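One chain comes next, on its own, written out as structure tokens in the form predicted alone.
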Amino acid sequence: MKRIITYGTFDLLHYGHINLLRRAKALGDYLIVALSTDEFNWNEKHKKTYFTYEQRKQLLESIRYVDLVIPETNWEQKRTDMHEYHIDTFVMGDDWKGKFDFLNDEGVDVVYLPRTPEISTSQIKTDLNHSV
């Protein structure tokens, strides 16, 4: 069984997220999503999410491409996750290109998928703020 992992916040879930998850799942048999916790988003990424971790987790678990959702609590856990979950392929959007190449040293393939260009959570939030 080929195991894939991706990481993210997945707030305001949209079709760009679904595209990423669908393409990630197509690379293997079992897709794990490491979902950033509320604390990690606020303390490390300086992001405030609209939906809580539990709400975002429930949304992700309802998507047929996703087999398991685990918490992402810090930047360093990626290296240990590769071994703990027996990962074959690490997938991220291409806006992170090159940032996780060090995971090749852990014996996994690192793949950066093109983002869906016309959609982003940041853009949705900006558009909503300006529509009032």
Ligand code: C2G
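In this text, residue numbers run from 1 along the sequence as written. As the structure is a prediction and not an experimental result, all values here were calculated from the model.
The following text describes the form predicted in complex with the named molecule, which does not appear among the structures shown.
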Next on the checklist: Please tell me whether any heavy atom belonging to D105 falls inside 4.5 Å of a heavy atom of the named molecule, as the geometry stands in the predicted bound form.
Outcome noted: no
Checklist entry - Is K78 one of the residues lying within 4.5 Å of the named molecule in the predicted bound form, judged by heavy atom distances? => result yes
Next on the checklist: At 4.5 Å between heavy atoms, is M92 in contact with the named molecule in the predicted bound form?
Outcome noted: yes
Next on the checklist: Since only the chain is shown here, I'm wondering whether H86 would be in contact with the named molecule in the predicted bound form (any heavy atom pair within 4.5 Å).
Outcome noted: no
Checklist outcome for this item: Of the residues spanning 20-55, the ones with some heavy atom within 4.5 Å of the named molecule in the predicted bound form are L20, R23, S36, F40, K45, K47
